[in-house]
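In the block that follows, a single chain appears as C-alpha cells, in the form predicted on its own.
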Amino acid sequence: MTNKVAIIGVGIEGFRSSIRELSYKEMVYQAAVKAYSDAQVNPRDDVDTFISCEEDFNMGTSITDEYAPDQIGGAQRPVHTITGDGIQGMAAAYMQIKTGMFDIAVVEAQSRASDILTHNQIQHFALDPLYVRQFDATHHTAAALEKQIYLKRSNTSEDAVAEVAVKNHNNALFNPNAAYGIKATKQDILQSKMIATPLRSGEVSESADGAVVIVLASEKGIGNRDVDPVWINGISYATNSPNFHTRDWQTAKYAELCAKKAYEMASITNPKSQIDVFEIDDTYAFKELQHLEALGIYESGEAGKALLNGELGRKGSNPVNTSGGTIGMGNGHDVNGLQRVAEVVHQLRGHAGKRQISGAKTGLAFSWRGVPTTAGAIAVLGGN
C-alpha cells in the first residue's frame, strides 16, 4: 500500500456578509459536523491530528488557537495552529500523514470578519512601520500599485479586469455558499468608486463570515469507508519578500515558486491542457489574471485575452472560479484557500450542481494571503 493522501470529507458553513445567529464556535461546529458526516469519521475516535488555520488580527481575538479545539472535536487531542492560509494548513496535514505516523487529519479555517469594526486599520497595521505606514498608504494602495505594474507589463486592458469581477459575481449566483452572487455588468464595475488609482471598489472582494473543515486520510485511513476520495497529487507553498522595497513587483513570484514544486509532484508539464478546472485567488480582480500567468497556465498578457474570448467561463475550455472565487464567495482571509479546495472537490466528485463542469477529473486550487504578504499556496487534486 502506498502512502497516498486524499481529501475524504468537506464541510462548509456560510459564506455570508454577516452571520449573527451563530457564534464563531457554532459556525465552525456546523462545518465540522458536515465534514465528519461526509468522511464517515468520529473525531474523538478516528482523527489523529487537528490543524487550525488562524490569525489573531483577522479574527479579532488574542491567542485565537486557544479557542479552536472544542468545536472540531479536538479537546485534549493533538491540535496545532498554522498562522496562515488553509492550503498551508493542508500542506502541514499532508506532511504529517506522509510520515506514516498519522492516518486521518483535520484542517479547519474560518472567518468572522463581521466581528471586526476596523478591518482596514488592522490591515494597515500589518504594513512596514518605517517605510510604508508613515505615508498613510493602505493595503489597497499597495494593490493599486501592483495592478498598475501588471497592466503595463502585460498590456492587459481595464475591460478584462472588470470582466473578472463580472464573471465571478455571476458564477456565485449558482453557489449556495457564496455571499456576493449578483448579476453584474462591466459598466457596474468600471463605474464603481475609485479607491486608489487604478483600483476600483468593484474589483475588490468584500469580507464574509464562514468556515470550512477538510478531512484528509491515508489509504489505510480510508479503509472500508464508503467515501469518494479526491487525491492530493501535488501541494506546495512559497513566500517572496513582504517588504515593498525588496519584493519582486513584476510578477507573482510566490505563485511561480510553489507551482513549480506542485507540478513536479503531480507530473504536470502543461497545466492548461492537463487540468480541467481552476480555482484561483481573486482577492483583487486583476490578481486572477496575474496568478493564471504566474502559474504557467497562460503566457504574460494572454489571460485577459482568454477571459474576453470566453475561455475562463463555466462553458469555456479552461473554467476558472466556478465557485465565484473570493469576489463571489466573499473574502474569508485565511479560509480563502479552503474555499478554493472545497469547490475543486465538489467539481471532481460531480457535486457542483448548476455550476458543474462536465467530465472534470483534475483541479487546481491556488490561494494568496493578501497585502502585504507575498505568500501563496497551491494544491493539485485528482479524482478516482
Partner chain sequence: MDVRGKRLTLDEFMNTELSVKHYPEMEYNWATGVAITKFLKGLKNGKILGTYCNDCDRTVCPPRMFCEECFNPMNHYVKLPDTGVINTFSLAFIRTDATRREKAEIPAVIDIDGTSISPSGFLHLIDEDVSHDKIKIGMKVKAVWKDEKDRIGDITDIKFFELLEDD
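It should be emphasised that the depicted structure is a prediction, and the values quoted were computed from it without experimental measurement. Positions refer to the first chain, counted from 1.
There is another form of the same protein, the form predicted together with its partner chain; it is not shown, and what comes next is about it.
- Think of it this way: in the predicted bound form, its partner chain has a heavy atom of just one of 39, 51, 345, 32 within 4.5 Å, and the residue is 32.
- Scanning 267, 246, 76, 224 against its partner chain in the predicted bound form with a 4.5 Å heavy atom cut-off leaves one residue, 76.
- Three-residue candidate spot 25, 58 and 117; every residue lies within 4.5 angstroms of its partner chain in the predicted bound form by at least one non-hydrogen atom.
- In the predicted bound form, its partner chain lies within 4.5 Å of some heavy atom of residue 129.
- Residue 319 falls outside the set of residues with a heavy atom inside 4.5 Å of its partner chain in the predicted bound form.
- Within 4.5 Å of some heavy atom of its partner chain in the predicted bound form lies at least one heavy atom of residue 122.
- Taking non-hydrogen atoms only, residue 72 approaches its partner chain to within 4.5 angstroms in the predicted bound form.
- Stretch 58-66 is the answer when you ask which of 348-356, 319-327, 58-66, 333-341 has residues with heavy atoms within 4.5 Å of its partner chain in the predicted bound form.
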